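In structure tokens, the next block holds one chain alone, the form predicted alone.
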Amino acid sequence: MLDARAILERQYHEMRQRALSLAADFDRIERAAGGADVIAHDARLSELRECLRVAIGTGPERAKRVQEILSDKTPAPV
């Protein structure tokens, strides 16, 4: 198993690219017509913001917690 530094060395450029890509996506939404309304009221963006808070936070099982945030919360049919 790789140590933390080796994992960072291996993954850094990909992680950096994903962070830049997300920032660019948020910028495009904000600049687009109706962007302010979408940013203020769309639950999906709220979920993504919460996922990012979890991802950069501390604590165990960040991937599991992000998956739970993004999971369908619609009650199952009876």
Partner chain sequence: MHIIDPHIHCVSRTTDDYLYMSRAGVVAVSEPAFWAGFDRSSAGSFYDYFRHLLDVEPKRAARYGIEHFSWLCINAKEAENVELSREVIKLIPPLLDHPRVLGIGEIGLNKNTRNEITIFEEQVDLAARFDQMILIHTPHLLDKHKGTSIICDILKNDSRIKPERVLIDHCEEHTIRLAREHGFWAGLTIYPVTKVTPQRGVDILETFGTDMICVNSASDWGESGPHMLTDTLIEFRRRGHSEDEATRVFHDNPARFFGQCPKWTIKPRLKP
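Residue numbers count along the first chain shown, from 1. Just so we're clear, the structure is a prediction, and the values are computed from it rather than from any experiment.
Although it is not shown, the form predicted in complex with its partner chain is what the next lines describe.
Colleague: Does R44 reach its partner chain in the model of the complex, with heavy atoms at most 4.5 Å apart?
Modeller: The answer is no: R44 has no heavy atom within 4.5 Å of its partner chain.
Colleague: Although the partner isn't part of this model, could you tell me whether R31 comes within 4.5 Å of its partner chain in the model of the complex, counting any heavy atom of the residue?
Modeller: Taking the distances in the model of the complex, the answer for R31 is yes, it comes within 4.5 Å of its partner chain.
Colleague: Is K64 close to its partner chain in the model of the complex, meaning a heavy atom pair under 4.5 Å apart or at it?
Modeller: No, K64 is distant from the partner.
Colleague: Given that the partner is absent here, does A24 sit within 4.5 Å of its partner chain in the model of the complex, heavy atoms only?
Modeller: Output for A24 is yes: heavy atoms within 4.5 Å of its partner chain.
Colleague: Looking at its partner chain in the model of the complex, which residues in 11-28 have at least one heavy atom within 4.5 Å of it?
Modeller: Result: H13, E14, R16, Q17, L20, S21, A24, D25, R28.
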